[in-house]
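The form predicted alone is given below as one chain in structure tokens.
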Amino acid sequence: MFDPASLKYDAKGLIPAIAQDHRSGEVLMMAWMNAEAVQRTLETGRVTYWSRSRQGFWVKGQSSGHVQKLVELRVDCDRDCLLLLVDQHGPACHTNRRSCFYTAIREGAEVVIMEPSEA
């Protein structure tokens, strides 16, 4: 059986977690998890992160309705980063964009490549 304690966490007990749309492969966001957030995610199927700014658990979509349902959790080769394949409902980014990666660097300039979703 998988044990979240078997992962390699940083000095603050956190591990980066990249959320990716399980259908399209689009990278949606990156956030942090601790061992308990990993365990909660696996138990509930609702992605739970650790908010560094609020110092608490953050169930994605709990307040916004933009839920992430876990399809599959993958561990990288060094066991120090997670890939969460998710079923994303609504925008993943707090800016109301599908992805948090909406700024590209093109020819040395920052270019916004994705506008916020219409509410």
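Note that residue numbering follows the sequence shown and begins at 1. Since this is a predicted model, take the numbers as computed values, not measurements.
As for the form predicted in complex with a further copy of the same chain, it is not shown, yet the points below apply to it.
The three marked residues, Tyr49, Lys69 and His89, fail to reach a further copy of the same chain in the predicted bound form, with no heavy atom of any inside 4.5 Å.
Heavy atoms of Cys93 reach within 4.5 Å of a further copy of the same chain in the predicted bound form, making it an interface residue.
a further copy of the same chain in the predicted bound form is not approached by Glu36, whose heavy atoms all lie more than 4.5 angstroms from it. Shown alone here, Val59 lies farther than 4.5 Å from a further copy of the same chain in the predicted bound form, counting heavy atoms only. For the chain shown alone, Gly13 is not a contact residue for a further copy of the same chain in the predicted bound form, no non-hydrogen atom being within 4.5 angstroms. Using a 4.5 Å cut-off on any heavy atom, the residues of 27 to 59 that reach a further copy of the same chain in the predicted bound form are, in sequence order, Val27, Met30, Trp32, Leu42, Arg52.
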